[in-house]
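Below sits a lone chain in structure tokens, taken as the form predicted alone.
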Amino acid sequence: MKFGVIVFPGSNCDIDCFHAVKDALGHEVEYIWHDTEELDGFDCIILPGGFSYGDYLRCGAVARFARIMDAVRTHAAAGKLVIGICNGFQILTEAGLLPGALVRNKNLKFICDTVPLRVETTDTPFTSLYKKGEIINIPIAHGEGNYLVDEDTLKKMKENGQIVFTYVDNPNGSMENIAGVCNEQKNVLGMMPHPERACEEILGNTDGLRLFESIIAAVESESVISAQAVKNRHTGTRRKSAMETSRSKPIAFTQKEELLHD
């Protein structure tokens, strides 16, 4: 499979994401510049952390208008995978690909720490290799990670299983301790913590590795299903052709017998 890491002016975690995919996981990955117009050939798109466009106006408010975002919307609408990490999460909410908004931390300070998260659902392509309720430790580094959403939308999100990660000890004031959410179709994930910074033993933590491995497993499983469907179609065509040939044989034999009798 193939990952793509979008690079906006001001992104600073793009290299971390690239390294995690290429070196820790051994999978194909490319950088994608923000003015690219299409994402053909990519299975999963990563919007990395950083300070896109200097975080002017609001975090992600300018990046949502980048040319690449039309392609991201098309990619997501096709059912392909998108993950926004930290600033990438902020961009996805600003772009309307995920519900809610991210505002200043409750203490108005930038927080850099490693925090415990609870996996709230494994029914997504991003968390299938975790256990529901499992506690994992993932780094955070943000000043605007306080997640807010209106009550009606929050209710729907709970009903749909869209709350993916929550903080065990809420560091930023997020509603319902929310650390990561997905869309209704569950193919777009946004999270403030940085799983790409927890993918190698040398960093002292590999709790983020299974998120990327879940993505790979989901895409490869879908590829197997698609390949099997194609195989079944071809097998069905061959069987149909064989049956038609078989049915035509008695006619040929009958005609031959009639000619011999004549």
Partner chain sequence: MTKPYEAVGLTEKEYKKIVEYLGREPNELELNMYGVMWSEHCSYKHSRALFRHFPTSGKRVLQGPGENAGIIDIGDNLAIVMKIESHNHPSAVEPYQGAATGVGGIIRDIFAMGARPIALLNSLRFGDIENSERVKYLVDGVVAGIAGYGNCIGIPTVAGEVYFHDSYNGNPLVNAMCVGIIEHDKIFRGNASGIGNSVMYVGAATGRDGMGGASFASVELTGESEEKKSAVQVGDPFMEKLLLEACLELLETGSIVGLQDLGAAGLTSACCETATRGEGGMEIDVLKVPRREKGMLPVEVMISESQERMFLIVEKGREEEVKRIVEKWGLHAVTIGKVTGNGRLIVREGDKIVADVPAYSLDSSGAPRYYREYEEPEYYSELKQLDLAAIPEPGDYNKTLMELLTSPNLCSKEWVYRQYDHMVRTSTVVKPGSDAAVLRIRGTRKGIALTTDCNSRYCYLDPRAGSAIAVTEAARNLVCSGAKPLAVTDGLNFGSPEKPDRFWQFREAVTGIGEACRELDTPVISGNVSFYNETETQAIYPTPIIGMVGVIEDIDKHCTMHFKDEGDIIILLGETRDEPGGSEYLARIHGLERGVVPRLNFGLEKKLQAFILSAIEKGLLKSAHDISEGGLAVAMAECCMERELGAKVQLETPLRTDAVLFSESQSRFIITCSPEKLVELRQLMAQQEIPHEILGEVGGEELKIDVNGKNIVVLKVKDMKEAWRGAFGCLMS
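Model, not experiment: these values are computed from the prediction. Positions refer to the first chain, counted from 1.
Absent from the display: the form predicted together with its partner chain. The rest refers to it.
Its partner chain is not drawn, but in the predicted complex it has a heavy atom within 4.5 Å of residue 112.
The shortest heavy atom separation between residue 200 and its partner chain in the predicted complex is within 4.5 Å. Contact check for residue 54: a heavy atom falls within 4.5 Å of its partner chain in the predicted complex. Looking at residue 139, you'd find a heavy atom of it within 4.5 angstroms of its partner chain in the predicted complex. Segments offered: 213-221, 200-208, 40-48, 66-74. Contacting its partner chain in the predicted complex at heavy atom distances within 4.5 Å is 200-208. Scanning 61-82 for heavy atoms within 4.5 Å of its partner chain in the predicted complex gives no residues at all.
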